[in-house]
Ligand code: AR6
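We begin with a single chain expressed as structure tokens, specifically the form predicted on its own.
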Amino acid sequence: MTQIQVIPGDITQFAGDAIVNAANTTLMGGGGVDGAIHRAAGPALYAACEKFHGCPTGEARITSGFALPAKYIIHTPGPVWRDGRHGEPELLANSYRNSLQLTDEYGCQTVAFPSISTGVYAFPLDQAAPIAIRTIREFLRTAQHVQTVTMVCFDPVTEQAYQTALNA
């Protein structure tokens, strides 16, 4: 039985198989959730990410979780919002889909996502949440291992947006 859940919290505390990092294309850490994950995982994460030489928007890479309670970190750069007419919705869906694909390939049953691209990348939350939930639902229909996908929301506004999308 697969499920999607929406919870408030700090993704660096998620004790599951994998968490997703809303990374930038360098994968070298940054602000927001990316910086928090890098700080919590420890300096070994930086060294592991260096080996990738970056990651294109919408794709995903995997590392160990290092000092985090999660076994793996999936790194995906989401799109920067311009006006919605430069492939942003498709790129956002790709970030979720490719992250889930890696999670499944590594045999993970549980994975937690932050709200990708809705912080400094300015993707409108009311558009991002339905894209995320729809993409996760589609993936779970054919997932081999992934059982539970958790949206970990940093604030009540984000939590409400994902809860609304989930109940739609």
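None of these values were measured; they are calculated from a predicted model. Just count from 1 along the sequence shown to find any residue number.
The form predicted together with the named molecule is left out here; the points below concern that form.
The named molecule contact in the predicted complex: Pro114, any heavy atom under 4.5 Å: Within the cut-off, so yes.
Quick one: is Ala48 in contact with the named molecule in the predicted complex, heavy atoms, 4.5 Å cut-off? No, Ala48 is distant from the partner.
Taking 4.5 angstroms as the cut-off for heavy atoms, does Gly54 touch the named molecule in the predicted complex? Contact check for Gly54: no, nothing within 4.5 Å of the named molecule in the predicted complex.
Contact between Gly32 and the named molecule in the predicted complex at 4.5 Å, heavy atoms? Residue-level check for Gly32: yes, a contact with the named molecule.
Quick check for you: of 137-145, 56-64, 103-111, 32-40, which stretch puts a non-hydrogen atom within 4.5 Å of the named molecule in the predicted complex? Residues of 32-40 come within 4.5 Å of the partner.
Residues in 139-157 with any heavy atom within 4.5 Å of the named molecule in the predicted complex: The stretch touches the partner through Val152, Phe154, Asp155.
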